[in-house]
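One chain comes next, on its own, written out as structure tokens in the form predicted alone.
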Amino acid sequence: MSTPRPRRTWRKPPAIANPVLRYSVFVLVFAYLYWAIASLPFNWDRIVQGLPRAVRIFGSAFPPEFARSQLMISGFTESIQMAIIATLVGVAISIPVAIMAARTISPRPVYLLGRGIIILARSFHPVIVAIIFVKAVGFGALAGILTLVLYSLGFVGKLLAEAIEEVDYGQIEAIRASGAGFLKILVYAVFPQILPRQVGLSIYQLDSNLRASAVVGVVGAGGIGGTLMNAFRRFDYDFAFAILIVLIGIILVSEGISGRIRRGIA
């Protein structure tokens, strides 16, 4: 006797099942795209005139110039130092904030405060935050580190809070039933479950901070971004292209190392 097939509980969403609604959504999306493109102030004459300048810029970038390697090494060393310091500090701050922002283990007032901190940290682009810190503490690596710390707090704090909310609550109840306090619940029930996720997020954030350090340096927040911006201002496109090549190489190497570490802890 054959066993009965399990009953299928999944159903198509109404938007997919109804052809009129489905095609109406497609029409609205394409109509919005047409309106958005038509209403934006594109100056096509200026775009056409800028094509020869773009060709001249790219032509001036070849071959890349690596003669000023000492200046390049100094900028990249500062960017790497900024990324490492900002990642360590940002992840350390994001752990208690993530605990506050986890709905399952924090009281509602504490949860709202933690979510508010994460939302505030994620509300602004790193370049805007870098401009604010440059105005506050001056040009240099300190402004870049503070920017990347805030950037790390917003990203790691949000994902870590979601990881805490997804842990097996049975372990928390078992530790709590033994009479353990909140700190012991975190140490013995929560942290062991989120440790692989936390390590993976920290490694990813280090990669992200290394890329972002080049961006915030453009506005004076230290790192290789300042060197790159100065090269563009002096029309040294060959040196700027050399910096971009080395930056891509460093990102590729860091991506390979972080991928190997993530596979090792998976």
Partner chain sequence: MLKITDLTKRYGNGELVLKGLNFEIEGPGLTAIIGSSGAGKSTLLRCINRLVEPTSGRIVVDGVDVTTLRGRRLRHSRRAIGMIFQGFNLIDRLSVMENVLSGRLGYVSFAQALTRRYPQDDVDRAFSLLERVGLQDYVNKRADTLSGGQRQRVGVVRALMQEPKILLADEPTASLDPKTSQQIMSLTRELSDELSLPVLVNIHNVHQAKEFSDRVVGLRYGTIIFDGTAAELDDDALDRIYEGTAGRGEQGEEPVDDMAIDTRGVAPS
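The shown structure was predicted, so the numbers you read here are calculated from the model rather than taken from an experiment. Residue numbers count along the first chain shown, from 1.
One more form of this protein should be noted, the form predicted together with its partner chain, which is absent from this view; the next part is about it.
Look at 164 to 172, 86 to 94, 73 to 81, 124 to 132: in the predicted complex, residues with non-hydrogen atoms within 4.5 angstroms of its partner chain sit in 164 to 172. Contact with its partner chain in the predicted complex, judged by any heavy atom within 4.5 Å, is made by just one of M100, I185, L150, A141: I185. Contact with its partner chain in the predicted complex, defined as a heavy atom within 4.5 Å, holds for exactly one of L159, I105, I117, L146, namely I105. In the predicted complex, its partner chain lies farther than 4.5 Å from every heavy atom of V137. The closest non-hydrogen atom of G179 lies within 4.5 Å of its partner chain in the predicted complex.
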